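First come two forms of one protein chain, each written alone as structure tokens, so that there is a structure 1 and a structure 2.
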Structure 1
């Protein structure tokens, strides 16, 4: 058996066990058992338990970002790009549930080091979204008063919460397609009923959005 085999066997086992039990409640002996190796063998491939978690993150997150970027490359229309992003994201989560669980839950409450590391990679991911927004604004199809820095978080957060819900409730009420469609549509169209002859129902009521976006602090 080649080295690469055990390395990845242990990693895969770890992803499974960490996702199931959580990092702190996962036992090295469980991972060893799951990977069909001795406890000690794990330490030939990883420095310690924490190192396994970091490696999972390092080796897997890059793949995801690359995949999303690649799949979006040949989509032109900003609105469709946003929808595609949602669709791809949700599909990845669905196909990598254990990994998604770890990234969503375990990596959040880790050491300062891994947290910062996570955030760096994460920022890269979020910036895919803000780039789409800027592109849409430049093309004149998205509103100019939208702040990409807020939008990217709102949009990602919506997807993230939706997928968290999936991870919890195994039996899904909605398809990935429907969720991606609705969520991207919320953000593109809004939920306010479009009254013919007016741009939106909201504009009816000046008390609701008195001076929209006038309270910026910093850029």
Structure 2
């Protein structure tokens, strides 16, 4: 078996074992058995379980980033692009539940991961959202006072919570398409009924200057 094939086979086996057993309870021997390789072979490619976990995250998130960028490249409308991002994200969760389980649950339970790993891939993923916001602001279809740095975390947080709900719930009440459309619409339009003469709390705040907003939207 080629080196690349063994590497990939071990990672796929690890995803399955981590999802089933949990990262802390999983053993190298179980990963080796699932991958149909000797225990010692694992250590030819990875230093330990933590190294495997990091590699899974970096490689799989890298694939997801490439997929999202490719699919968004042909979408011009920023609002539709935001919906498309949500749809792709939720589809990935539904189609790759073992991987989603690791990203949603196992990584967050690893204090070592949280403290020591500089999560550049995740930052790159979130920045796709902020880029959509900036594109919409440049086109004049999104409000200029929206701060991309805040928006990207809030929007991802909504998708993240829906993903967690699906992983932990035995029954799915919503389709992927409905959830993606609703979440993107909430952020694009808000949920408050429009009342003539009413302005938003943000726009009515005289303590915040327009210049501050123009400075912040570049963050």
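Residue numbers count along the first chain shown, from 1. What you see is a predicted model; the values in this text were computed from it and never measured. We call the rigid core whatever largest set of C-alpha positions still superposes within 1.5 Å between the two forms.
- Structure 1 is taken from the form predicted together with the DNA, while structure 2 is not.
- Relative to the superposed rigid core, residue 33 shifts its CA by 3.1 Å between structure 1 and structure 2.
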